[in-house]
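Coming up is one lone chain in structure tokens, specifically the form predicted on its own.
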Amino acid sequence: MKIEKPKGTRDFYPQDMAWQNYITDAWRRVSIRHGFEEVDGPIFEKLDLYKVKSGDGIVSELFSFRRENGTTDFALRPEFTPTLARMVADKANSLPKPVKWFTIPNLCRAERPQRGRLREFLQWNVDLLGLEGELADAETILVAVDFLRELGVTPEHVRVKISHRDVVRNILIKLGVAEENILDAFNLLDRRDKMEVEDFEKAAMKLGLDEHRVQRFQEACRSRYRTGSLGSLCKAIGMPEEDVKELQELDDKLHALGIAEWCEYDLGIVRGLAYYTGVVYEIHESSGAERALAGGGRYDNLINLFGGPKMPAVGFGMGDVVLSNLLRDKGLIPENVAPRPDVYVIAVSDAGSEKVLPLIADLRAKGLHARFSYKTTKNMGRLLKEAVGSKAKFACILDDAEATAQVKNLDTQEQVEVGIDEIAKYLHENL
């Protein structure tokens, strides 16, 4: 009986797994370079953990379960932030501050699969807790930008779109949105690019805005300005510069860190989730064809919500699915990301065949990635073709010679004779 994989999941064959490792290795390398430490938690949590953060409405988006005859509801993790909040709250008093953590968890969401969104995916989370001020916001943005730079992405490929929920709230209140409708307005802004203009306008009018103010609402939420132009932004939205003081301080930090050219201000970015408290940002492909590549912001009240002390916090998540789409579309995926064998051992005689296994064992024991042919042929041309096909850096050719072998550099075609006992040393010196 043939059983297909679950909808919205992926099988990782060797080349797929090599690409996945290429991404995760870069995520890990960049995180550590910026002083973040790796953590992880359980792949499932008590269902209540997610309801505390997102409310009962989150349940329909989760793969939840209860053990037979059990009384506790669990769910596969759809995100890592609630686990992080629980972990920090549990040991908040003993953790050195600031807390700089990253993780690369496998996540599951019971959503309809579509381009850029699967039911199972990897996500890179970077969080900085216990540090007041805009430097923390800027540093998390820097980590994301540094990773993209490492993979060949440029400011022409993507934009870091930055906003501030307090600034947007003040604009909405001035336009006539009642305080009790602010979260609904945030959710509307968060969905604006997925809605028809007419539907957006109708929804805005339900928030208490007349036709003129709906137009101003549209203009405000689509205001986009490059870094260094906050004065122009204030004039456009009719706010004093004092009201965007925190954005100005962030702007200064972005310039100091040398990443201002990657960033712009987009007041339509609000991150619909209620737990965000200040600066929010998303990274988008420049044409806007893809969904957000990454998203995050400040969440200063979340640790307290899980029983810990009030603690400033900021972080972002980046999924592997949209990232892979972006890199593929921009031609930034390397031809071969699988690890290359250091050496491929072949035997072209019966005497050489007897030396293959002892040599392979010796090379591997000395830390070399060594492969060999399982074929019985002594046709050197075929065996060398197999070695080249494996992407090996060197071929080691064993023949009737008792104490030596031919070692061939498959990139330069240079070939030298090396003593059997010296092959490992020679490879280490020439790799």
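Note that residue numbering begins at 1 and tracks the sequence as displayed. Worth saying up front: this structure is predicted, and the values here are computed from it rather than measured.
Separately, the form predicted together with histidyl-adenosine monophosphate (HAM) exists; it is not shown, and the next lines address it.
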{"query": "4.5 Å heavy atom contact, Y275 and histidyl-adenosine monophosphate (HAM) in the model of the complex", "finding": "yes"}
{"query": "Partner contact for G296 in the model of the complex: histidyl-adenosine monophosphate (HAM), 4.5 angstroms, heavy atom", "finding": "yes"}
{"query": "Contact test in the model of the complex: L118 vs histidyl-adenosine monophosphate (HAM), heavy atoms, 4.5 Å", "finding": "yes"}
{"query": "histidyl-adenosine monophosphate (HAM) contact at F316 in the model of the complex, heavy atom, 4.5 Å", "finding": "yes"}
{"query": "Candidate stretches 165-173, 329-337, 123-131, 207-215 - the one whose heavy atoms come within 4.5 Å of histidyl-adenosine monophosphate (HAM) in the model of the complex", "finding": "123-131"}
{"query": "Contact residue in the model of the complex, chosen from L135, C234, V321, L151 - any heavy atom within 4.5 Å of histidyl-adenosine monophosphate (HAM)", "finding": "V321"}
{"query": "Interface residue in the model of the complex among H157, H255, K355, R291, criterion: non-hydrogen atom within 4.5 angstroms of histidyl-adenosine monophosphate (HAM)", "finding": "R291"}
{"query": "Neighbours of histidyl-adenosine monophosphate (HAM) in the model of the complex among 51-90 [non-hydrogen atom within 4.5 angstroms]", "finding": "E79, T81"}
